[in-house]
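Encoded as structure tokens, the following chain is the form predicted alone, with no partner shown.
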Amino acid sequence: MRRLAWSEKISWQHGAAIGWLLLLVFAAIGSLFLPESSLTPDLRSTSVPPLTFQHWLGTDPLGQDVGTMLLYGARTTLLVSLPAAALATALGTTLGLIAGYYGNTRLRFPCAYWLAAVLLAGSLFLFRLPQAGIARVWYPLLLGGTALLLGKQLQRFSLFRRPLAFPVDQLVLAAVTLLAAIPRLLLVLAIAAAFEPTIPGLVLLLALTSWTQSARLTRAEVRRLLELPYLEAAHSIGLPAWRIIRHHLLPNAWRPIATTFPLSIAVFIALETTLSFLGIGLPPETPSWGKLLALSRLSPSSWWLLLFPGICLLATTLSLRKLLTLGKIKSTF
């Protein structure tokens, strides 16, 4: 039997998924050209049903056009989910590479630097940082530079030249276990409620609490690759660690991460929508699909406030999941 080509295995569902995601990107770009007055509340047109003049998708209880809100919400969704997914994947991949390659015994530092690090930690604990001003930035840098100079001076003594292993794998696994033990939504809600809502802050928060999946996948793949003969040959000829990681481990360990990347974007979209629905994470004036869903509580009879953003969320999530199967098909060729 003739083996089907990759292009022949792509169904109309994959094409529909790609088309919807492209439409989402064009909608986000199109929102940049809308006038600033398009989101101005109009109390004369509150909760107008769809298919009316000037408001084809209706209005919310504040008189804002639902179609315009969906366009702005698409931009907010992309501004939060894409950078958060990229940052979480990069952080998890980096930590997974380091933990998988170095393990608990391969990364070693002289005792002098260990002692300097302990002194630095003690200094930060005993002495308070300046409350404001440029001294707050330079003070930790000054202490760090002093610790490095102290470690370099201590290396003159043979007692402090003995290398000690740094258990990077154990530390990464402990951090993964700690984050996995706490429900992600509760953790994000607790932290987001304690800080001022901004889009960069929300992106950073989502990334710092969601890197564990990519770290586990990368670490497991690196541990598998280290058993292969060509990696043993690379170690035997004395290749530096950075070259082995960059040219041999990363290109092969990246494949499972790239395959599951669309699914991680879908998870971040769901988290951002949930936070927006609860009024946490984003500034109050930032439009989003979650806030549009939350406005339906002010007007329970306005069914279109649930229908249209719900369709957008469902279509986006299903499209990203369909891309996941597309990546698996491509990886077989």
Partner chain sequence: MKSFSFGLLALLLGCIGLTACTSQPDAPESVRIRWATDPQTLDPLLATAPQAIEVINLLHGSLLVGDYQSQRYVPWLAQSLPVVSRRDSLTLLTYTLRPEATWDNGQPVVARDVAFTLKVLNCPGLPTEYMRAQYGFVLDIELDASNARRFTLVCQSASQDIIGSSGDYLILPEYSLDPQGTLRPVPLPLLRTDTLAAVQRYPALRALAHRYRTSPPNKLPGCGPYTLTAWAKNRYLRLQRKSKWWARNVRNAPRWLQANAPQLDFRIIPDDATALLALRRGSIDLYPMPTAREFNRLRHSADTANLFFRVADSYDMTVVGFNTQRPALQNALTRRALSMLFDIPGLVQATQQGLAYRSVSLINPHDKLAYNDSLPLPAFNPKAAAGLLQQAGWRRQPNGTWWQDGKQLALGVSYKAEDSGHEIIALQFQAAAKKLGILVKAQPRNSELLKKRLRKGEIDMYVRTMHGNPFSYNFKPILHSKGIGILNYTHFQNAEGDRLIDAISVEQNTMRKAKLLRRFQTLLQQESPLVVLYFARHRLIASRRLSPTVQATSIQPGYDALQLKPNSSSRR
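Not measured: the values here are computed from a predicted model. Residue numbers count along the first chain shown, from 1.
Not on display, but discussed next: the form predicted together with its partner chain.
For the chain shown alone, L51 is not a contact residue for its partner chain in the model of the complex, no non-hydrogen atom being within 4.5 angstroms.
Under a 4.5 angstroms non-hydrogen atom cutoff, its partner chain in the model of the complex lacks E227 among its neighbouring residues. Not displayed here, its partner chain is kept clear of L32 by more than 4.5 Å at the level of heavy atoms in the model of the complex. When its partner chain is considered in the model of the complex, L62 lines it closely, a heavy atom lying within 4.5 Å. Contacts with its partner chain in the model of the complex, taken as any heavy atom within 4.5 Å, map within 44-63 to R44, T46, S47, P61, L62.
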